[in-house]
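First, one chain by itself in structure tokens, the form predicted alone.
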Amino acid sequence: MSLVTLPERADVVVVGGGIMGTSAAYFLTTETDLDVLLVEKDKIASGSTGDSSAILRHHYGPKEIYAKTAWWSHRFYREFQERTGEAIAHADSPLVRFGVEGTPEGEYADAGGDVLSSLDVPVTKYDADEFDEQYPMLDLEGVDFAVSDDAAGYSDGTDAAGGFARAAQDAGATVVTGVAVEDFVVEDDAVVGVETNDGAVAAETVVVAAGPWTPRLMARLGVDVPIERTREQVLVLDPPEGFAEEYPDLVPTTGAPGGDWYMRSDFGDGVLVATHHTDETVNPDRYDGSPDQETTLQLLDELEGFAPELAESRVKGQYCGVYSTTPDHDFIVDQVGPDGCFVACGFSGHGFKHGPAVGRILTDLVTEGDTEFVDVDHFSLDRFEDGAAGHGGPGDKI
């Protein structure tokens, strides 16, 4: 794809080759007659998508809007090859929320279970006396119940974004990598093109899905996008000998109640352990890509108290990625700035699982100006005009 020449014009320019940009390019190409150009400054999935743990779960506490988009997207991922012609990795792994009665975490777990049940998404609640059978690898002293998002799983971000990009290209889109969009061309309060480091492209519509770089680009239009970029640290563990034989499913996708880390099984009998919403803000162009020793030791120490037999695991892989987090942890998917400019960003550490749905929503916004898919006002940028906190609260941090 990197050998494709940048065209002089397109109907729609999609900026960013992560899961959101490639999904948007795919749906815009396959669902409309528009001439679509996707431009990525590096390689497909080279940003946050490539570093994503690619968890596919549907439990979002009381937030039905996210349960719906995650469920629709996961079904798309399960049928990815049938729908796009591209194969992607996928594994089943229930997402489990552990709860203590009378705590916010417990209420959140229960609320999410109720939402999933109302949507006919497979969900099971287990009492403490069932833990030994269901989760024998975990130390759950003091935990009262578990809510299992039974149909959850995980995939691979690079697989999915690459699949979307190739499928979009096969359907007629132009995909150009190694070219950076640097500015917009605006006339009479409407977008009429973009400027890149390889020349100008005329276009009536621009979709900006550039992950942590989105605020920088939108500032060129005088649009403030309130996103904080944080470094998240990931370890891939090789469990001790005999662990996989004793626990063939390894571990559920989960974390300790109220914790700021999570774990899931990984392809090849590994276990992935990672931070979730740290306070370490970074420049997405320059950050340390290796977990620091202090955080590594802390993660392993907390893991010892939660999954004791994993404490002797060997660290066989490690890397860092960037979250782009809004003040309320809700997404931004909106038409903003001059006419013809759309933005999708601020996915706050859980964007991958909604990628197909966001691509569909963006296609509706570009072609119809609205969508029946969800109440898209929930994702509007102008929610921050009345207060920096937007919808308030920290949103889902687990």
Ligand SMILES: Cc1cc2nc3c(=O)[nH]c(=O)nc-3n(C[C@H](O)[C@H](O)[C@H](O)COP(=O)(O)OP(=O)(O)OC[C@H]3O[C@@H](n4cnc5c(N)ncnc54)[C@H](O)[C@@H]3O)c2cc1C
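We number the residues from 1 along the sequence you see. None of the values given here were measured: they were computed from a predicted structure.
The following text describes the form predicted in complex with the ligand, which does not appear among the structures shown.
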Just to confirm the contact call: exactly one of 360-368, 61-69, 35-43, 334-342 touches the ligand in the predicted bound form at a 4.5 Å heavy atom cutoff, so which is it?
35-43
Check whether Pro356 has any heavy atom within 4.5 Å of a heavy atom of the ligand in the predicted bound form, and answer yes or no.
no
Proximity of Val15 to the ligand in the predicted bound form, heavy atoms at 4.5 Å
yes
Verify the contact flag for Ser48: yes if a non-hydrogen atom of it lies within 4.5 Å of a non-hydrogen atom of the ligand in the predicted bound form, no if not.
yes
Is Ala111 one of the residues lying within 4.5 Å of the ligand in the predicted bound form, judged by heavy atom distances?
no
Output flag, Gly99, Phe243 and Ala307 jointly within 4.5 Å of the ligand in the predicted bound form, heavy atom basis
no
Work out which of Pro252, Pro239, Gly163, Gly211 lies within 4.5 Å of the ligand in the predicted bound form, going by heavy atoms.
Gly211
Among the candidates Leu140, Leu221, Val179, Leu299, the residue which, in the predicted bound form, approaches the ligand to within 4.5 Å (heavy atoms)
Val179
Where, within 48-86, is there a heavy atom within 4.5 Å of the ligand in the predicted bound form? Residue list please.
Ser48, Thr49, Asp51, Ser52, Ser53, Ala54, Ile55
